[in-house]
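In the structure tokens that follow, the same protein chain appears in two forms, which are kept apart as structure 1 and structure 2.
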Structure 1
Amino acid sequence: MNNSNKKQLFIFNTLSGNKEAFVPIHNDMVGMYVCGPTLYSEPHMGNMRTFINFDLIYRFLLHSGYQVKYVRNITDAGHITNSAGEQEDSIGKAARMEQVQPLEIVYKYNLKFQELNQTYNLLPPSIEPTATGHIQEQIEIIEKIIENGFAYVKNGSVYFDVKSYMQSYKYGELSGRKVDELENETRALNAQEEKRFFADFALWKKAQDNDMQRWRSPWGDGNPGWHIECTAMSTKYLGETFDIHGGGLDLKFPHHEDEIAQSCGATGKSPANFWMHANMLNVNGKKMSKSLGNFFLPKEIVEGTSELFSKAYSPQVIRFFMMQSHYRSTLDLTEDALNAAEKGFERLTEAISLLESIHVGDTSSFSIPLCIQGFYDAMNDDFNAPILVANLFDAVKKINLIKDNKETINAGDKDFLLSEMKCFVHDVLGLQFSSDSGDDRLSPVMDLVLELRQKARTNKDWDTSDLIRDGLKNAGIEVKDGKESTSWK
């Protein structure tokens, strides 16, 4: 990265509700924790949007020169709290339905998740810890919370004492939820009578007879609560307070709210300085849901097996489509929008290829540094990928004007622009071009074929010229004749 382009990064902090200047705790080192998948089923496209957005954030932090320790957990144990507040061992439920052991369910869906990471070109995190690998750490944190007077034991289960906590801390500061409002949303739950207060939540649950997963603890055999897992793993690898905690918007309450309570209850410190939340994905104008018939898996749209779309789409096109909406905005996925993204991605890749071979002059008729500064300014403004994409297309317009001899560029500026566009497209947006895997070897062959075709055109042998063009088209190669040259893709 050019140091002259490195300016102040601002991040929207959910905790304050404002954009704040980002200053890492440890100079140029960043600790970032993102809540990963729960391995009881395949991740859906909304999950992947979250992971793709945080991959973008991770990539730009790296590009900006930060050393990033990126921790993304795997939830492979525990009771998952759904929107109604009920507690359910989702992994155990899936294992019973498929008549296998929980470990088989976890292994099966972790393989699928890792395959999706490769398909959608996500960089691997620095550490990918599992909940089952950190049971002891969870127990130790629970013991600290009990010792500090913010939790109690009841019938072999341990509950966080929200009323006691509220005497020293504010509960609901992240989500803006008020405890008296929560009571109206709460319905009768299993073991609700064990709680001292309706808003108390489980840190450890006593094992039931049908539980397929269970661990020993000072309070008896049982399972960790969902929230305590992330508290244990994030603080173990990043410290009691770290820079960024991220996840989907649906995790803001109760999951992230309870993580703050647990950390404060155990150490007296809030776990993260910045809380970031990626917004939801809609499909055809509605929230993605099986009941609405607009649900599909990330692999189905790539394979062309989803009934919602008339064709398959490249994972790079899907990723590019997602970059055209800010991570904090809702995104509506439709076939028309994907088709538009496909054309836009094609224009972008063609422009970069064109820039590599374009003729240079003695001067540049527009400011290359200013153009490139726009790339950095967009991303430094809370990772604003849509503005970055818009600025990239402004550069595409300039490249096409240079091709048509309406603008000029010198050799140094050409190399600078090409290098930075490739960095932002490949390294920051994480987009891969098809030319990266095969077209380079095909280029010498195509040069020869197009030379033969040009000779045929010069000799007015239109039959041979059309035969070559049509044959290439049938092979998936499109030939475009320009005023001064012929290009292919």
Structure 2
Amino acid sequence: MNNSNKKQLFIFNTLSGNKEAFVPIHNDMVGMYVCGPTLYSEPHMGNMRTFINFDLIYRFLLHSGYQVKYVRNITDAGHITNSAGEQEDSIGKAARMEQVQPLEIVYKYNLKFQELNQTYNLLPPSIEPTATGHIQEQIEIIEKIIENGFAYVKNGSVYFDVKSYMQSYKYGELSGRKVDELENETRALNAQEEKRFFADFALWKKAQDNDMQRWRSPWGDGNPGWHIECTAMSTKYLGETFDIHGGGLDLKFPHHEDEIAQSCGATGKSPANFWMHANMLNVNGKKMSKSLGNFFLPKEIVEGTSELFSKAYSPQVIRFFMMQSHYRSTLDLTEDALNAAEKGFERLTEAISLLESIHVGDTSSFSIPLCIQGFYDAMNDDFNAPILVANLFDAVKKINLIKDNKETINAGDKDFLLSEMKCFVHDVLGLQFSSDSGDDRLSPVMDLVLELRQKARTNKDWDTSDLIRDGLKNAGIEVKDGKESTSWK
């Protein structure tokens, strides 16, 4: 990277409500923790949006020259609160329904999750620790919180003592929630008998008879509470205070608020300097969620099997579509918007290949460094990918004008623009061109083969149609028949 482009990065910090200059604790090393998935089912497209947004953030930090330790956990234990706010061990429930062990559930869906990470071209984090692998660390932190007087034991469970905590710290700093405002919500939701104060939350829950997972602890057999795993794993891998803590906006309260309370209660230190929250993927204005039933799976949209869309879209188009909205904005996924993104992505990739072979002159008629600076400025302003995309399209316009001999570019500038555009599209936005996988040359051949197969199917010549499909499969090409069209990968 050209060092003159390395300007100050500003990040919107949920904790202060402002964009702040980002200065890591340890020079050029960044520690980032992002709350990962609860793997009791296949992650939906909304979950993936959050992980794709943090992948973008990770990629730009790497591109800016930082050495990043990116920790994204896997929740595979704990009494987890579902989006209706009730305490529920969702993994245990899935295990009972499918009559398997809880970790079989997690293993199965983690394979799917890892596959999705590849499909959507997410870089692997530095480490993906699990809650079940860190029970001891969770117990030790709970012990410290008790020792410091911010938690109490009741009937084999341990609760965080919000009233005692509020004598030394502020509770609600991140979410802006006031304890008295919480009262009505909380009262309605959980059995409160064991708690001293309605806002107290569980650090450790005594095992129930039907709990399939349980661990020994100084307070008897039980399960960790929902929030403590993230405190244990972030502290273990990144230290007591690290640079960035991220997650979906719906985790701000109570999950992240309680993480702050747990860290302060255990070590006296706030866990993260910057709190970042990615906004929700909506369907018709409502948050996509399992409990509302308005979700679809990431694979359905690439296979063209979702009822919401009449055709399949490539993961690159979906990712590109997501990049056209800022991570702090809500996003509605519609067919029209995806079609527009498909066209836009094509225009961008075509312009980049046009630039590769464009006619160069002696001079450039516009400032290439200024054009490239626009890419950096967009991302340095709180990872503003939509502005980056708009600036890339300004470059696309210029490329088309050069082709029409209305603008000129010299050889050095051409190479510079080409390498920076490729870098921002590939490395920062994480978009792959179809030519990266050799699909470009294969495409006309596949069109022909699929047409022949379609003919065979129309003639009910199933032998030939299966022969083609199986032959392609042996060659590593998977054919999917959607409702309206057939796609391949």
Ligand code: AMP
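C-alpha atoms forming the largest set that superposes within 1.5 Å between two forms make up the rigid core. The structure displayed is predicted, hence computed values, not measured ones. Residue numbering: sequential along structure 1, first residue numbered 1.
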property	result
Of structures 1 and 2, the form predicted on its own	1
Cα displacement of Lys422 between the two structures reaching 2 Å, rigid core superposed	no
Rigid core superposition, Gly17 Cα moves 2 angstroms or more between the two structures	no
Large Cα move at Leu452 between the two structures, threshold 2 Å, rigid core	yes
Per-residue C-alpha deviation between the two structures [Lys473; rigid core superposition; Å]	22.8
